[in-house]
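We begin with a single chain expressed as structure tokens, specifically the form predicted on its own.
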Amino acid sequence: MNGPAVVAIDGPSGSGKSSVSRGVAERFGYRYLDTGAMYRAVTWCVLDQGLDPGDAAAVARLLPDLRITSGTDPAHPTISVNGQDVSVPIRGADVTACVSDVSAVPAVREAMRAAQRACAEDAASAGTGIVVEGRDIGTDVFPDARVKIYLTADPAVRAARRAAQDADSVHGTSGASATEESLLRRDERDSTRAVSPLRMAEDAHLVDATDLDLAETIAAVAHIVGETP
């Protein structure tokens, strides 16, 4: 691939987007942006302020006072809110339970979309590409992205991987069965929301990682990126 590029990687929860996106970004020397962390950061702030995540008007009023900063080094991505590192608390169960509601607020999506596009513009100005992962990257945020990937896997496999990942976190895990139920609920909410729902872009490459390990999935996506003119 020649020149700066946006690689858009979308897919449902637990599909491995973050790990795969970071691996691909490192392989090509690109920057990396976790848009899900941005929505989690907003959600964390909503809860920290004691607001109702379902109150769209209250959530929207919070936005002008938020400064969300995303570090785009794939080897060490960071996320902060008004200068406070929130990398750990945004992964908690309380944020996970509410992030779909906050993400569905039109004002939140508009603000995050602008921030995400600014990150890509900054990368392009620096002469490098960026791998951006989320749920509406190829369909809404970067509809003209040079490469679009839709990464998925069987729900049971996604749940097992997410449960194993959570088991190593400070928040712990609720087990594969409960995790699968949670993933499926979030899939439903994200796929049916009115604003920027989760869906596969018509020109995206489908990568099913059900039977692939992380290294194999990174290789499969990297091959697509490398072969796209």
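Remember, it's a predicted structure, so these values are computed and weren't measured experimentally. One-based numbering along the sequence shown.
Below: the form predicted in complex with ligand DC, not depicted.
Although the partner is absent here, T152 lies well away from ligand DC in the predicted bound form, with no heavy atom inside 4.5 Å. Contact check for D190: a heavy atom falls within 4.5 Å of ligand DC in the predicted bound form. Residue contact with ligand DC in the predicted bound form: Y39 places a heavy atom within 4.5 Å of it. Within 4.5 Å of any heavy atom of ligand DC in the predicted bound form lies no heavy atom of I130. Taking a 4.5 Å heavy atom cutoff to ligand DC in the predicted bound form, the contact residue among R161, R199, R27, R186 is R186. Partner contact region in the predicted bound form: 102-110, out of 102-110, 143-151, 80-88, 118-126, criterion any non-hydrogen atom within 4.5 Å of ligand DC.
Along 137-155, one residue reaches a heavy atom to within 4.5 Å of ligand DC in the predicted bound form: I137.
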